[in-house]
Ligand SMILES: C[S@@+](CC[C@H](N)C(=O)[O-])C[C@H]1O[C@@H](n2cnc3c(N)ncnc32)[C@H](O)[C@@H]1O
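The form predicted alone is given below as one chain in structure tokens.
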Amino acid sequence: MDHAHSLERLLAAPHPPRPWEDEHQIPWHDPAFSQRMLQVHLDPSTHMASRNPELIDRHIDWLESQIPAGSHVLDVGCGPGLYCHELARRGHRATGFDFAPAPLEWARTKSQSEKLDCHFLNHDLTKLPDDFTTLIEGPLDAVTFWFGEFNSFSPAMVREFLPKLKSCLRRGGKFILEYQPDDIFVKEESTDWSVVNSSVFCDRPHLWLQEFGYDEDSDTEVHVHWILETESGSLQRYVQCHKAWTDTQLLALLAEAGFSEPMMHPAITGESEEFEFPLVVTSA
């Protein structure tokens, strides 16, 4: 594809972008992308993917106030397993799952090198098998879902996977959800662009054009990444959607999935409203 055709495609796309209509989501499962993303996960100077070790320690300190000693904890979307590793160092049993190959491989290697009681599974949250409970050797004492990634799934997907996560918990087990609150969403359109030598999307020089939109009907933020390679003119489009839930809507959603006794909790450290969010703790 040359530059002219790429620009025609860009101009023909819907502006503002529409939510939940584009299949070209972030390619977490792509080996090359996941390898580049792993470097962001492991960079202690940023909270863009995984939190830095100090912040993770403080989160685990708080988590231990919510769960019994020696708990078995499942971490949803575990990435390179940083939360799982720290839980295991403190005497818990940890299982994580993700479908990004490079972070999973790093998580397993780190666990083996430290002889930690961690297990890592390759699963897509939107396609969990019916026998998922047996695969993780439940029942679990807790399921954690950190970093507001919950908001990146459509309501239909959420209603499908929440009951499956609940079924993994023992009676009284905790589901701990960190979510992006409705009031932090920027509900307006904007664009931004930069020329970079490389990014998580491409390891060659490219123009990185970003579009932001907000769909009022579905209360969904849409973030589009256009990646135009400088030399070849190749154009790729990646889309992130984030659904805003009010507290009332979120609690109703959790109750619909069978969770009870919800307790709302502010961000654990309050370090950054952009990268750390409030939590809701519920019971199975």
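Treat the numbers as computed from the prediction; the structure is a model and nothing was measured. The numbering used is simple: start at 1 and walk along the sequence shown.
Although not depicted, the form predicted together with the ligand is the subject of the following passage.
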| item | value |
| --- | --- |
| Joint contact, Tyr179, Phe185 and Glu276 to the ligand in the predicted bound form, by non-hydrogen atom at 4.5 Å | no |
| Heavy atom contact within 4.5 Å of the ligand in the predicted bound form, the stretch among 162-170, 109-117, 96-104, 192-200 | 96-104 |
| Contact residue in the predicted bound form, from Val143, Leu125, Val158, Ile136 (heavy atom within 4.5 Å of the ligand) | Leu125 |
| 4.5 angstroms heavy atom contact with the ligand in the predicted bound form for Ser260 | no |
| Heavy atom of Cys78 within 4.5 Å of the ligand in the predicted bound form | yes |
| The ligand contact in the predicted bound form: His225, any heavy atom under 4.5 Å | no |
| Tyr214, heavy atom within 4.5 angstroms of the ligand in the predicted bound form | no |
| Within 141-161, the residues that have a heavy atom no more than 4.5 Å from the ligand in the predicted bound form | Trp146, Phe147, Glu149, Phe153 |
